[in-house]
Each structure stands twice: as C-alpha cells, then as structure tokens.
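Consider the single chain below, provided in structure tokens and representing the form predicted alone.
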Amino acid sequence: MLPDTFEQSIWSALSRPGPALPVLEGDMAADVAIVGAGFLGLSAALHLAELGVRTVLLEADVPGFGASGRNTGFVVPSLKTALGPADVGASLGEVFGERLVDLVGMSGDIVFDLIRRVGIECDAEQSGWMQPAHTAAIASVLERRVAEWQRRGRGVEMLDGAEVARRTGSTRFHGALFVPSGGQLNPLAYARGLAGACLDAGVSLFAESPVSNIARRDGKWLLSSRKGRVEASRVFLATNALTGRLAPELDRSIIPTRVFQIASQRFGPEEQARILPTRSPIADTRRHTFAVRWSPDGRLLTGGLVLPGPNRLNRAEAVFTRRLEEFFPAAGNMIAEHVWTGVIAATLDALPRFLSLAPGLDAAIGCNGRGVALTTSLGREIAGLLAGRVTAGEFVLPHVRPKAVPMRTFAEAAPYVWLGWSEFRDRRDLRAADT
C-alpha cells in the first residue's frame, strides 16, 4: 500500500496553513448539509451561503486533502480531448449538452473572477491554457474544434507550429488550441482560500469530521459523525473518488484512478525564459497526455498514470523526469524533488454527472482530471439548484440515478490496460508522422 503523500507535494511546501477549523460536536441543524471540502463542496457551500442558505460543510480530513489539493493546478476551460461541443451534445442531448458546453466555456473566467472577488491568495495566473497537437493529423482535429468554439462566441485560438514552439520551448508540436481564459494556480492554497471565504460567508465548516451514516428521519436527513450530528432538509455529497462505504451506490458509479505528480528542481530566470516563457500550462493530445507547467517557485510540474506494482513512487519519479528531459533537452537532467499521488474519479464517457440517490440526497461526480475549473463552476450551479433559484429542468446537467460501472473490479484495472495500449499507439502515431 502506498503511503499518504499529502505533505510531500509542492503545494504543501508552498501553501500557508488553512483556517483553524473545529470538529463537529453535538447536534445542529441546516438547510443544506454538504459532505466533502474539495473544490466542489467548497464552491457549492460558498455560493449557497451567499444566497442566504443555512449551510453546514463536513470534511473528513482538512479542506483540499483529496484530489483538489494534490493536482497540478491547471485551470482548463475544456473537457477531455475527445469531447468537443458536438460530442457533448450527442451524449447528453442538445439542451443539456449546450448548457454544459456553455458552462465549460465560461469556467476559466468563473474561477479567476471568484479568486479576485473574494481575495484568495493562491498564485493565480490567468495566462491561458494550451493544448498542443502531437501530430499534424491531430492539429487538423484541433482546428475543427477551435471553429466549433468560435461559432459559440468563445475566444479560442489556433496557434501554428512556430508559435507553439515560441510559447513552449519545444519543437515537437504541430500547432495548438489556445484558450486565453485558462491558466494555473496553487490548488491547495485555492482550497484553503475557499474555506476561508466560506467561513466569512457564514458557512458552518468542520474538519476532521467524517460522516459515518446518512439516514432519513421525520422528513429530514440526519448525518452522523464521531462526535456530532447534523439535521438538514437537503444533503449534497461532494466526496467524488473518496465516497467509499458512505454511499456504495455512488461509489460504484465511478472508476477511482490513481494519478502521480512530480515537481522538479528549481530553475532560474534563464531556463524559465526558454521553457514555457508565457507561463501558459500545456496538456497535449497524446492518449497518455504530456502536461507541464511552472510552479510559483520555478519548478516544472508534470504527472500522469503509472502502472501498479512495487516502488510505484520511485517509478513515477523515473517516468516523469524522463518525459521532461525528452521534451526539454536543453534544460539538462531533471531531478524530482517532490513526488506525490492522489485519486481522481473517472466516468466511462469522461463527462460529469449530477445524481439523485434519494429525494433530497444528491451528488456530483466525474471531474475526469478537469477539477479546478469544472468543479468550481458546477459548485456555483448546484448552489443555485439547491437554493431553489433554478429547477431541475433548468439545471446544467440532467438529474439521474447512479448507474454502476459494469464489472467495477475489472474496470478499475482498465486505466492501466489503457495506459500500455495508449503509449504504444502514441509511439506508433509519432513514427508514422515522421515517415
């Protein structure tokens, strides 16, 4: 079993402590109780409180302890590579597809506007997000994707190979989709800043208060923790990949996937002027995506999947330092000074879900590696729904029952089967492009 690496991340090293939070003790009442203080739960709680809804937020550890505080901190106003606006409509239907596409298109601005509005210090940089094409054929796909976004009025651009080389310091790409409203931030500092904003807005926020049971009693929901209980009219589960036994039906509807991250040694101004000089984070179009950004203190951050087995953290270090060296050979040998891991929630179609487990008991799942922008934006929309400002029919996502992932035990191995096959296909594509 892997040790917990929360304290080993670059974000734990760089972030100020979060607000001092109490443990839930005794009984209390709320209009809405939220479980899970990642970006989704924090955003929903903050926006509910701002709408005047009496809100309690319960976290099993500390805000940002899960995937929210461990990711690379990309603010990506996009879904997965394979999902353009037309694909989303085909999966969700025209009405909900258009609503989700609109929200995703606005999600970068939603994050940065919120940071400015409530004054969160999290090294936020709205420097744009870039998706470089690893082959000429994929560049053509991105050109069509850019046209789709532009028809919807979004300021998305297509960059040619020369411009991508200038902005990345790498000549390996054939063009790129560029979204100016994207960027990067310190995700743990962002989560802690959201927690502080929740407190300022009047949210009752408790840490180290895991919910062990949720039951219906006298028309209300009763949430039990170790030292206290909360009675609420509505409950929202924002536990995502860490749901576990609290809601087995919800847990069976996602594929928990372990992702690894590294932060290199620090580089000086000269290297930072050659590599990603515009400070736009990139995530390319390979099946096993190459994603990289600068940290606030001058380190290169990257990560991805690593096959199960012994010495997994050491293998993550070797795999991802080698990738950095391949893309940026002029930078010399890479040293991983921080290596950490977390678990994300994936869905079979890479789309988020808004789920009803029972009347008044809802959940959302499936950020699929797009956590910062998507979950912040969804949290705002969910707050409007739970506060009664919009109806289920007006909401951004269809309100559906959880659907178990078929053969879940085998499905958990699927990302790693996919990894080997995808890396083979990526190499094959690159060889074909070179001939």
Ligand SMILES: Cc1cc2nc3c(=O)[nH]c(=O)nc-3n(C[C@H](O)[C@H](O)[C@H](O)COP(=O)(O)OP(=O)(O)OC[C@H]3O[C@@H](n4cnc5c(N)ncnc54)[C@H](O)[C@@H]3O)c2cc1C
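On a predicted model such as this, the values are computed, not experimentally measured, just so you know. The first residue of the shown sequence is 1; numbering continues from there.
Just so it is clear, the following notes concern the form predicted in complex with this ligand, a form of the same protein that is not shown.
Although the partner is absent here, residue 194 lies well away from this ligand in the predicted complex, with no heavy atom inside 4.5 Å. Looking at residue 343, you'd find a heavy atom of it within 4.5 angstroms of this ligand in the predicted complex. Contact check for residue 68: a non-hydrogen atom falls within 4.5 Å of this ligand in the predicted complex.
Of the heavy atoms in residue 48, none are within 4.5 Å of this ligand in the predicted complex. Remark: of stretches 258-266, 307-315, 95-103, 145-153, the one touching this ligand in the predicted complex is 258-266 (heavy atom within 4.5 Å). In terms of contact with this ligand in the predicted complex, the residue from 132, 352, 182, 73 that brings a heavy atom within 4.5 Å is 73. With the partner omitted here, the residue from 253, 240, 107, 285 that has a non-hydrogen atom within 4.5 angstroms of this ligand in the predicted complex is 240. Residues 35, 36, 37, 38, 39, 40, 41 are the ones in 24-50 with at least one heavy atom within 4.5 Å of this ligand in the predicted complex, listed in sequence order.
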